[in-house]
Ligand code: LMR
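Quick heads-up: it's one chain on its own, the form predicted on its own, in structure tokens.
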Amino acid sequence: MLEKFQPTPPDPILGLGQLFKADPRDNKIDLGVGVFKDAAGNTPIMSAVKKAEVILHDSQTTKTYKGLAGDEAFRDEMRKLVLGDAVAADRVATLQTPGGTGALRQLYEAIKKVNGDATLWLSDPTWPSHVAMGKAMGMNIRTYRYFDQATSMVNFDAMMEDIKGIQPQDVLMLHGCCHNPTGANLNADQWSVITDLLLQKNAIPFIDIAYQGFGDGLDEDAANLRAMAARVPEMLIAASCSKNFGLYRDRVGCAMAICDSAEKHDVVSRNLAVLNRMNYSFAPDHGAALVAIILGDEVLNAEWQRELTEMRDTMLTIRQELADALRLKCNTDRFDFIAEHRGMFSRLGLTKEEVDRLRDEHGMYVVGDSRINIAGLSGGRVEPFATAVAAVLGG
């Protein structure tokens, strides 16, 4: 049986990381994998997380199973973090999942269960797993134009032209903030126009919010999602704690389904819990318990928000410094958009050949589509990277 497996191509981002590790050069810079890095190039554990772990260690008396839907305190705190008071709590069914990826998977499963003929509309480009997971599950996938290569901003007219073809009960996925891989985000007016269309077409919004707090602030990054949620009868949401809590390896996520009435909440909740049973039964609890402790404790919550603000400010500073350095060294304003983008990523608009030269000639490891992890340039790495880009573009 197993001999029927065929060789698979290496993951482009993880493969890039392996090449980076094997590179003996001291001046190499890794801008691939999307993890926050401090000035020393490390991905630290947040102090609020460490303190929560002590509390959990001292207070936890059992490792028995939680409910199928996961830790209720965690799920309630995540609902408040993402949605605020935009939607009544009794309309929101929640499910604890292994990371934001697990939330996406379970919500994909929910779509297939209730409407297997629905088309899932995804931005072009988007996070590759959005497409790969959907195709592997046999979902109907369509893409809509999103990113203007010429301006490095959202091509909203093209997007609206494409999604006008959306059908009733189709599902439109949007990035809640900090679009991956481009860093280019829709503005509030554009979200409102999209909401109008979804209401007109009787289609369902599906929001992937993996970077809340990495753009302009916790509430600011969720503002457009909340405004849409307050207007639509139903919405699906996949939320992740990997980035904003630094809980990458602990796999902490939450799936949410906004129902059109409180009466449907219990039925939807039970069906989501069954999806957990059919997949992995119980989501891992450790990281979720830490999030619940932090969000539920006034002092720890404040400490966590201070740390998150420092991380966000670091990336915003790097964005401005990189835009300025590239303007000076390349004698062009083509990279000014970097300062306008938000979140961990931006796509530079370099060719594959130029990306290869950055790696081979200068030790700058960039994903093939020229997406860079902005946080990878902390600690004085902006200047050498800008110099390398200028060298590649100049010759």
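Computed from a predicted structure; not experimentally measured. All residue numbers are counted from 1 along the displayed sequence.
The same protein has a further form, the form predicted together with the named molecule, not shown here; the description that follows concerns it.
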*Would you confirm whether the three residues 70, 256 and 276 all fall within 4.5 Å of the named molecule in the predicted complex, going by non-hydrogen atoms?*
no
*Residues in which of 31-39, 327-335, 49-57, 354-362 have heavy atoms within 4.5 Å of the named molecule in the predicted complex?*
31-39
_Going by heavy atom distances of 4.5 angstroms or less, which of 175, 243, 75, 130 would be at the interface with the named molecule in the predicted complex?_
243
*Pick from 211, 121, 147, 304: which has a non-hydrogen atom within 4.5 Å of the named molecule in the predicted complex?*
211
*Do residue 182 and the named molecule come within 4.5 Å of each other in the predicted complex, heavy atoms counted?*
no
*Taking the shortest heavy atom distance, is residue 13 within 4.5 Å of the named molecule in the predicted complex?*
yes
*What residues in 351-375 sit within 4.5 Å of the named molecule in the predicted complex, counting heavy atoms only?*
371
